[in-house]
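Listed next as structure tokens is one chain, alone, in the form predicted alone.
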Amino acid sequence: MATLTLKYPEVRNYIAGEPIANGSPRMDVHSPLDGAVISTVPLSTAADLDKAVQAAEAAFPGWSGTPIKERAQIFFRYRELLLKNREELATLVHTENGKTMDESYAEVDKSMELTEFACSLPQLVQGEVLEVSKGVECRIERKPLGVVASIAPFNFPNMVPHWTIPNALMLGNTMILKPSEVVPISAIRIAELLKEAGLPDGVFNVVNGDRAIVEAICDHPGIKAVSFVGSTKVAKIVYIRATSTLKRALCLGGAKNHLLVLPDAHLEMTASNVVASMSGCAGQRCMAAAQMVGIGGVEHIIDQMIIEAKKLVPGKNLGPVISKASYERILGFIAEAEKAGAKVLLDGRNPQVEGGADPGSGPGGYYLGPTIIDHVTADMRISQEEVFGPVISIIRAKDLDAAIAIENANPYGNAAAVFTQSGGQARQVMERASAGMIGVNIGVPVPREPFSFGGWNDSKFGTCDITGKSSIEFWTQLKKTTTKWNPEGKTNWMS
């Protein structure tokens, strides 16, 4: 029997600075571009996780005792390695996730920005000193927690790990990353580049696997904090399980982001922004436009959206969804909405794909064209659940108050946006929308560093945000020291 030649070497765990083989069962890794098997990944056990925790615990005293400005030098070098290897890293994202190359480059560029912010942390965590009484000083310092874990999703195999790796490590923690088992290759390359930059062995470790490893991370007594990014259903489970073992947890879930469009919105800018928001990364991002709320007479904007969406060509400037299961789930949403009375204005089912791929059939080629569905109602499943594909549904509202009520009735709270030329109308949405990130004439209102990423409601469980200044609070704990050296000093109630 011929041996299958894989595009990439088999993925191994990365522990104490080395790739580690184990006897666990292995799972094939498929590229959504064509369904080809490109590698295999181990489904590790709790015993494998324990080895990584032991390595991280051994590395913690030396790493946490290294001055933060010295730790920063490693991340300055690491940022340059990301730039040097940008082409390779983007190609990895493209191959294992299916993003277009332009989207993959942008993902790596965002990872560089996140690393740059981490390099600024020495200026942000200087601590405080105050003479609180004659000869008595109080000092506050931020100290790392110890061994922490980060559980990452499939949709951003390079960027989302960088939401946590640079900040958590720069602040003196040691880490275990659990990437999605369907996109594990980028994580190993990140580990290799960190070592090349000079990160000591054991400070950063990668353990691959599925649900069993997520549960083991939540349960392990040596792990002090857990971050998670994924669906709301799983985020809730991880948060409850991790906190029940007295860990810190910050778990980001899904979203149902609403874009409120008024008739006075700039035609071309609005149409292009809404379409880009619903179709970027094939709609597989928690900041995608899931639902547009058309307020009054917006037919001219919808017509322009159709023109803009027709410029997206599956296989060229629109990538596939991650798997056949995702593809079929999205088709189900569209069919249900159509059966319930919604009107499909632009149908992305069964597109013609560049290169001749047969969408949705055979082992791969999970392509959908952009799909615009009008006259959706709030009781339809497509209005209530995260579709995670290049699909936008349109609900109609008589006025801005009704539109805001529709947005606020959804249980999620990642993002909301408004498109208008009226500052007063925009201010209403900014103040009243129940979401953690608001856009005005911007379809994907992701904050840039140093501002932090984080939603509200069922889009986030836990305190603080995962990036930016807010993340400092999550990854550190305060140590307060009070000192007095002058016995001759006057004593009062404060000393």
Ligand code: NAD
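Predicted, not measured: the structure shown is a model, and the values here were computed from it. Residue indices: 1-based, along the sequence shown.
Omitted here: the form predicted in complex with the named molecule. The next part is about that form.
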Q) Wondering, does residue 255 line up within 4.5 Å of the named molecule in the predicted bound form on heavy atoms? A) yes
Q. So in the predicted bound form, does residue 308 come within 4.5 Å of the named molecule, heavy atom to heavy atom?
A. no
Q: Classify residue 196 as contacting or not contacting the named molecule in the predicted bound form by the rule of any non-hydrogen atom within 4.5 angstroms, answering yes or no.
A: no
Q: Indicate whether residue 230 is a 4.5 Å heavy atom neighbour of the named molecule in the predicted bound form.
A: yes
Q | Partner-proximal stretch of 377-385, 145-153, 81-89, 340-348 relative to the named molecule in the predicted bound form, 4.5 angstroms, heavy atom | A | 145-153
Q: Could you tell me which one of 372, 301, 234, 404 places a heavy atom within 4.5 Å of the named molecule in the predicted bound form?
A: 234
(Q) Under a 4.5 angstroms heavy atom criterion, identify the one residue in 118, 286, 223, 262 near the named molecule in the predicted bound form. (A) 286
**Q.** Within 4.5 Å of the named molecule in the predicted bound form, all of 179, 211 and 453 (non-hydrogen atom)
**A.** yes
Q: Could you list the residues in 459-479 that come within 4.5 Å of the named molecule in the predicted bound form, counting only heavy atoms and keeping sequence order?
A: 459
